[in-house]
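Each of two forms of one protein chain follows alone as structure tokens, named structure 1 and structure 2.
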Structure 1
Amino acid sequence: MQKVYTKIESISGNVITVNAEGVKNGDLAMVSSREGISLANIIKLKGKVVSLQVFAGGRGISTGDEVRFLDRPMKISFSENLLGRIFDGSGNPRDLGPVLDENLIEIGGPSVNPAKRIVPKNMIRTGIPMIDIFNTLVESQKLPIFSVSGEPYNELLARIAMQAEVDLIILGGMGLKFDDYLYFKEELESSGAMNRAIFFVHTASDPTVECLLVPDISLAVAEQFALQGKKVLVLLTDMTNFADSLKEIAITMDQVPSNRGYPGDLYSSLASRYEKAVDFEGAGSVTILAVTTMPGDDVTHPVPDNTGYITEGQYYLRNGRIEPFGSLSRLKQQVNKSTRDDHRSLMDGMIKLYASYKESLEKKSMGFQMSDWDDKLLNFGEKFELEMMELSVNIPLEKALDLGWQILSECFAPEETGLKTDLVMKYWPELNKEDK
């Protein structure tokens, strides 16, 4: 069977077609052009016409270039030797270390049997009240930070990663600014965490298609380590760049777009990556923290919108703070029942009051007279923003809960809070003092 072809039939964007026989859907090929050698994979077969997406992009490819079919799908080396190493989106070293080719594993492998999943139960403590109290992060959760560009999302990502007690951190960078790449590297090096980290980084200046491989490679490696018993935290930043690469390929392939140019299978493509987050019974776990930048600060944009439907909540970062509205941890109820008995009620109660505060604020901005009640809410809202929401606050959950009661008692009478009487009796600071 012929494996090498020297006639490329069409070149469109990053997709080329070759007339070939005996090749398999999904398999790899090597394309040699004057730009160098690049991998490509088969994305469509139609009779003899084979469509391939070229990882290094279509630029500079000529119709007479050589395409060599490799007869195998994309794989990545997996071993302890990955630790501390930095690779690009195709798995080639970006540092000075050696190329790794032992123990190749499949990427984009099958999904976990839902019957083998277990209910997540371990809280990941971050010291950030907006997370620990209101949107608790849980081991094996998949959760993105929704953010407009310019917000310190990578800093937040790095901070959570450093504070979280995990065995391994895998950074998957997609369209990462070079400075941000260096930032992550320095943060991990300076804290001594680099030797338990692995980077797969596609930077903004690398070919688009390579960006598509980053989540699959990162998650395949994470999954293997998790099967070996490691608690792995995968950071994926920025998934909007990943989605944009999907869009680019879809348009090149003449697919009918469903929404603002994105392909109809955007949801499934994102889900198959995020669903790799898992807690293996009797082994380790994969937790995914991602970044999804929102073009034009619009949550209804297809990328954040589809992401929100897939992930187990999101942290909505705005003006340097995690917003109570829009932020959500869907797994919080798995863990907050066993933290402290006031956790759930306080969490909902404070947010309800914060919502009322926002209404009063609106009335005030329209120049209406403020009632006593409005004044109380305004007082509360300001305290809440300053003492709870600021990202600089770094206290353990229990302290944060106490602080919550403190703020409430400084602003309201107990029955104004809508909290159950038995909790008020137990935690309301003044009532407690009288007791003692």
Structure 2
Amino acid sequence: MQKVYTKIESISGNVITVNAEGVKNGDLAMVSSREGISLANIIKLKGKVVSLQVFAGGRGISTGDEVRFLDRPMKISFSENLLGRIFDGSGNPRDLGPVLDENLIEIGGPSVNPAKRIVPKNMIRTGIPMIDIFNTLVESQKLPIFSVSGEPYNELLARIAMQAEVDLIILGGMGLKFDDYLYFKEELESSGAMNRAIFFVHTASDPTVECLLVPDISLAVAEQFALQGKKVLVLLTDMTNFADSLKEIAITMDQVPSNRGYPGDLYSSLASRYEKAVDFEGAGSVTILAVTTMPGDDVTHPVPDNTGYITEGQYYLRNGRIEPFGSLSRLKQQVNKSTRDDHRSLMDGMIKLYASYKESLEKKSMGFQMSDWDDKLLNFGEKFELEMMELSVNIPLEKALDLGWQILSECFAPEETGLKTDLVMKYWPELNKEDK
């Protein structure tokens, strides 16, 4: 039976407190005010004092308004009808489509039992060489994209959404500028990818609590589709906005702040979302790619710092490119040993030569005399950056590997690459012209 209370003890921003009994943390309530009916979420219990976060904010609410507890947590509709749709952070339609209320599932549940998981072993192709060759994305992996404001991380996510070889894309936007929201919408629609995508979006002007709900809604829906055998890729942007929303709520609740004002349970809050990445035995999978912007490009900032302990590597996006140094996919060895026999060796060889290019570039900038070898490295580095590192490059893995050999052959003699002779004989363009 629903419990109704007609006295609100205090109102602080969008957090209200009520004296109530028999309610559970995380459950929903309805607040009736002169502004209408608003949903609220129980975020703290202290004896009989219950704190609720009002989705629509505290404006228009008075101490005499009615609070009705619903005795259930937040739920979202789950069905094939979600495909191609755009919703807000509460699961309400943003695309003027019909409201979906059938087959409701709870959000924010526990992570999958490890006994139900299988070892990640399948590659997710993206058409982006700096991912597919050098830091392969693996099914059921959880990876952040570390970046700074101004970098094209949303453009990168849109590219991945359009090109990734998966069954379903779930895009969760947190604190998006309206222009960024429209960009995602137009890109997915124009590419035809919207029919296999679901979009949950919180814009900067929406209530803070909806920002906190976006990852939970996205991952709850992803998990259900994965149980049906779908290969699901969840793209989240920006988890720093999510963490800032956590901080805002913590400040409102007068919690003792931790590092840089973030709540002490920041690690647990991030981990409980990232750990939803899973490959189900006998079913589908959930893979998570999440943007984390670093204030001041500081990787020791609490959000990227905690994220690094949870996830299985990271992509660094700098100067409009995925950087080969610092970027890491800890699971790439699971898959790139079985893609093509030259994958591992070519990846290692090109990165070694690119590191040498960086040293030669530094020598040149300091005015040192350049050798013939330095000139070769400078030529290689420029070609590598232009033809493989640019985000506009879109080619399958096999063609990207062939392109790597082509770049090497244009800059070096075979013996200068350090690659195995049998691989050189098999893939070096000049030695295989007749075969091709």
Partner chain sequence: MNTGKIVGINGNMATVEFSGNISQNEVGYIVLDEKRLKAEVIRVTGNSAALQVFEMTNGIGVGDVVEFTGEQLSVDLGPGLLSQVYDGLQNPLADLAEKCGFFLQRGIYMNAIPDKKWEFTPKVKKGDIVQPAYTLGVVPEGIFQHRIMVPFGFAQEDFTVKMILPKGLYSAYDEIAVLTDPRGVDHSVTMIFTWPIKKPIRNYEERLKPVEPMTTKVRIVDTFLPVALGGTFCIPGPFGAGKTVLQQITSKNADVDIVIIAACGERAGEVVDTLIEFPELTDPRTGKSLMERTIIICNTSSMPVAAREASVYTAVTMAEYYRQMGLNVLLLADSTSRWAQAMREMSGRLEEIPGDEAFPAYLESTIASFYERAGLVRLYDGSTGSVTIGGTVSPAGGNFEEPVTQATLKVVGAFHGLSRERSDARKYPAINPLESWTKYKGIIEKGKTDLARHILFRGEEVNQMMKVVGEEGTSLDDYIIFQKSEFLDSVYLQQDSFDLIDGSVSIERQKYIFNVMYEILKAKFSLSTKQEARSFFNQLRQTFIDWNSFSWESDSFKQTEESLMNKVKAKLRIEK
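Here the structure is a predicted model, which is why all the values come from computation and not from measurement. Here, residue number means position along structure 1's sequence, counting from 1. Whichever C-alpha set is largest while still superposing within 1.5 Å between the two forms counts as the rigid core.
- It is structure 2 that shows the chain in the form predicted alone.
- A hinge is where C-alphas change from fitting one rigid part better to fitting the other better; between structure 1 and structure 2, that place among F225, P144, Y262, A400 is P144.
- Two rigid parts make up the chain, and between structure 1 and structure 2 the smaller of them rotates against the larger by 15 degrees on C-alpha superposition.
- Structural comparison between structure 1 and structure 2 after rigid-core fitting shows the C-alpha of K24 displaced 2.5 Å.
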